[in-house]
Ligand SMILES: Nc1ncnc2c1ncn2[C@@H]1O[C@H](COP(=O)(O)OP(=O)(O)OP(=O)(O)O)[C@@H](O)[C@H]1O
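Below sits a lone chain in C-alpha cells, taken as the form predicted on its own.
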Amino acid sequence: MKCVLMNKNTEVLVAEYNEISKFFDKIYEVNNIDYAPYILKSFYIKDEINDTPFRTNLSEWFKGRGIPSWRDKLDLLLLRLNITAPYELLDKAFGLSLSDQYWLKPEDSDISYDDINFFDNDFDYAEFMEASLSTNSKTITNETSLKTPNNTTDGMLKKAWIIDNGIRYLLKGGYKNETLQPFNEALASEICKRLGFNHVEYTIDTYKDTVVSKCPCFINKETELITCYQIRNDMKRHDSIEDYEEYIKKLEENGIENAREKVENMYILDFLIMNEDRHLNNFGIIRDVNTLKWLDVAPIFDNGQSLNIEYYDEEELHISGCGRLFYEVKPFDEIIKVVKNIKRIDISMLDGVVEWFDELLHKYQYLTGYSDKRILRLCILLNRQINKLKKLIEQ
C-alpha cells in the first residue's frame, strides 16, 4: 500500500507499506524531515533514504508503536482480540495514538486528520477494556472495537484507554498477581501535589473487582511526547553522570525553562517512593507539533514500580533498592545527589502522607487481600524515605 506518513496535517514522507509484514518496503520521497518522528532525524541522509538505517528504523519505529511482546498476559489478550500478533493492530486505525499525531494516510484517500484523530473523535473501548483488564472475557467480534488508540499503547501492564465525560483516561492494572502498581501511582500523585511538582494525576478506580489506576491523557492534538530515549538516541553515550548533564543541556538549549529543577523533581519523587523503573521512555518533553517548539518537560508519569515491589517477602522487610539514572542502575542514595539544591523542598508538606497512604491501602484491602503486616511495611518504607530526605535537607 502506497501511503503518506503524516504528522497531523503535514506530509512527512511517501512510502510503500507492506500490510503483511508491517514494514516499509520502499520510501519514495521525504517531504518534511523536521516533522518526522524525532528519533528518525538522526538516521536521515538525503538521497540515501532506502538504505539502512533510515528505512529500517522507520519500520522499527512504526512497529514499536504497537503493544509490546512483554505485555502482561499478552497471549490471552491476543486470543480475545482474535489476532496472532500485536502488530496486526497497527493499521486498524491508521496507526493513530494518544501520545503523538503521527498516522498513515493511504495515498489515494481524501480522509483528513480531523475526521479520524482520537482526541476529537469518540471510539469504542468497552470490549477492548474487558479483553485487557477482565479475568473473564469473550473474543471480540466487532471490528470497530479494534479501531482505537489501545492499539498503540506501550508498557508491560494491562491497560486500556477509555472516554469518561469526554475526557480520555488511561486505566492500568497491576502486573501478574501484584496489585501495588495502581496504589504507587496514586501515592506519587499525592506527593507531587503536596510538593508542587508538575505531574499526571493518578487516582484509584476499580473495574470488575480489579484495582486500576486512572489518569487523563496529558497530550492534546497540538502536542506530542518526545521521550528521553529519542532525544538521547543521537547523543554520545557515557554511562555516567555526563549523560544526565548532556540531557539537561539539550533541554536548556531548546528553550525549556527551569529544565534542571523539573527533572530533579522527578528524581526526588523516585527517591521518596523508591521507583526502580525510571527508564528513558517514561520521561521526556512536550513538543508543539505545528511549530516544533519544545514547550516543557513532560509531567511526571509512570511511577508504579516502587516501594520494593519486586522484593516483597511476607517474612522479611527489604529496605535496600536501586533506581535508574539514565543508563546506570544506582542506589537511591546516589541518585538523589543530582539535585543541586535539595533545601528548596518544604518537607513539612509531606506531613500526614504516610497516614494518607495507610488509609488508602486499607480502603481497598477487601480487593487486594493485603495483610496488615504488608501495609505496615509499605508505610515503614515510605516513612523511612521521607525521614532520609528530611535529614538531607537539614544538613
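All residue numbers refer to positions in the sequence shown, first residue = 1. Source: prediction; values computed, not measured.
Below: the form predicted together with the named molecule, not depicted.
S.K.: Residue-level question: is H199 within 4.5 Å of the named molecule in the predicted bound form, judged on heavy atoms?
M.R.: Contact with the named molecule, no.
S.K.: Taking heavy atoms only, is G321 within 4.5 angstroms of the named molecule in the predicted bound form?
M.R.: Close contact is absent here: in the predicted bound form, G321 is far from the named molecule, nothing within 4.5 Å, heavy atoms only.
S.K.: Looking at the partner-bound form in the predicted bound form, is C217 within 4.5 Å of the named molecule by any heavy atom?
M.R.: C217: yes, in contact with the named molecule in the predicted bound form.
S.K.: In the predicted bound form, is there a heavy atom of the named molecule that lies within 4.5 Å of any heavy atom of M156, even though the partner is absent here?
M.R.: It does: once the named molecule is placed as it appears in the predicted bound form, M156 has a heavy atom within 4.5 Å of it.
S.K.: Where does the named molecule sit in the predicted bound form: which of 126-134, 273-281, 81-89, 242-250, heavy atoms within 4.5 Å?
M.R.: Stretch with heavy atoms near the partner: 273-281.
S.K.: Looking at L104, L225, V211, V263, which is the one with a non-hydrogen atom within 4.5 Å of the named molecule in the predicted bound form?
M.R.: By the 4.5 Å criterion, the partner-contacting residue is L225.
S.K.: Of L170, I268, A298, L307, which one comes within 4.5 Å of the named molecule in the predicted bound form, counting heavy atoms only?
M.R.: Checked against the cut-off, the match is L170.
S.K.: Where, within 28-58, is there a heavy atom within 4.5 Å of the named molecule in the predicted bound form? Residue list please.
M.R.: Heavy-atom contacts within 4.5 Å come from no residue here.
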